[in-house]
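The form predicted on its own is given below as one chain in C-alpha cells.
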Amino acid sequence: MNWFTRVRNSLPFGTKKDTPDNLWAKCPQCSEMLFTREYEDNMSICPRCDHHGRLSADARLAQVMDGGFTLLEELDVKEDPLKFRDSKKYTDRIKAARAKSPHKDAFQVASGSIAGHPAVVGVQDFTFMGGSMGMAVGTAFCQGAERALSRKCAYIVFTAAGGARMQEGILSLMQMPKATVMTRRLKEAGLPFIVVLTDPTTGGVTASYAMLGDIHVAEPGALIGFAGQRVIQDTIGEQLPEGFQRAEYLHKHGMVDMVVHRHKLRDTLATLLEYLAPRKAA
C-alpha cells in the first residue's frame, strides 16, 4: 500500500483547512518525510535510517512500563526565585512551555513495574525547555529516589537535557550535589540505579546523576557529553575524532556499558532488573 492510499483511506479529503498539520513528520537525520502515525507506531524511529527520535515523558513511560503505573504528583517549588529576565521573563518562558505540555516541568516520575519487576522510573523531557535542570527537576529526581527507597526497588532514569537551567543560576547548579546525595543513598541501600542516556544528554546533568548509575545504557546515536564539541576543539586546539560524544563512541571507550535499540530497551531493562534487583533472604 503506497503512501497516497494510506492517506486517502485514513482521512477524508476536503478543504485545506480540514487537513491536519501533523500528518507528516520529517526525520531530522535523513530528511525522509514519514507518515506520522506509522512513525509513532514504530516508537518514533525512522524506518529508513533508524534514527531514534525524541520522545515525550508520557510516551517513554508507556513504552517501557507495565500498564497501571502511577505518576507521582509534581511537587511545588519556588518559581523564578531570581526574578530572572533575558529577552523574556522567566515566568513567561515557563508559561509557554507549560502551554505545550501536560506537565508542570521537565521531569516526570512513575511508580510501577517493568515486565513484572518493581521499579520507579524517572523521565526527563527535552521538549520542556530543553529538559533543563532547575529546582523542579532536582526535586522530582529526589522524589523518585525516595519512592524507590521506600519501595526497596530499582530506580531507572531516562536523561535528556541541555544542562542546568540558566534562569535559576546557582540554584540550578545546587541540584547536582542534591541529586548526587540521593544516588549515594540508593547505593547504600543496595538498590540498583540504572541510567538510560537519550539524545541529547549534556551539561550539568551529565556532570551529575547521568554518569553515576550502576549501569549506563544509551540509545543509538545519542549525543552525550558535558561541553559542546566546538567548545572542546577551540579549547584544546585539535580536531576531534568522528562520532565524538555519540553513544557508540562512548561505548567503545568504556563510558557507556551498552547501546540498546529502542525496540529492545524494555526487554533489556527487565533483564537488568532480574540480575540487579535485591532478593529476599530464603
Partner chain sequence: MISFLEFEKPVAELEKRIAELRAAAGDDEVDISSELKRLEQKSADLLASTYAALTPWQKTQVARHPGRPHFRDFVEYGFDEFVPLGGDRLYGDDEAIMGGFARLGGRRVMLIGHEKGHDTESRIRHNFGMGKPEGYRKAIRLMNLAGRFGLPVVTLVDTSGAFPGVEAEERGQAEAIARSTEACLALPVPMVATIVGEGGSGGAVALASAERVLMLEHAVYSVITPEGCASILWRTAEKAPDAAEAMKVTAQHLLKLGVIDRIVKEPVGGAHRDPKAAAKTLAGAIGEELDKLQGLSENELRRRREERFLQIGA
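As the structure is a prediction and not an experimental result, all values here were calculated from the model. Residue numbers count along the first chain shown, from 1. Think of the rigid core as the biggest set of C-alphas that the two forms share within 1.5 Å after superposition.
Heads up, the form predicted in complex with its partner chain isn't pictured, but that's what we're talking about next.
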property: Position in contact with its partner chain when the complex is considered in the model of the complex, options L149, I94, L72, M211, heavy atoms within 4.5 Å; result: M211
property: Candidate spot M135, R184 and H253, all three touching its partner chain in the model of the complex (heavy atom, 4.5 Å); result: yes
property: Interface stretch in the model of the complex with its partner chain - options 106 to 114, 162 to 170, 120 to 128, 149 to 157, non-hydrogen atom within 4.5 Å; result: 162 to 170
property: Residue contact check: P177 to its partner chain in the model of the complex, 4.5 Å heavy atom; result: yes
property: Close approach of P28 to its partner chain in the model of the complex, 4.5 Å, heavy atom; result: no
property: Its partner chain contact in the model of the complex: A59, any heavy atom under 4.5 Å; result: no
property: P241: touches its partner chain in the model of the complex, heavy atom cutoff 4.5 angstroms; result: yes
property: Post core alignment: C30 C-alpha displaced by 2 Å or more between the shown form and the other one; result: no
property: Large Cα shift (2 Å or above) at T70 between the shown form and the other one, core-fitted; result: no
property: Residue shift check between the shown form and the other one, rigid core fit, G254 Cα at least 2 Å; result: no
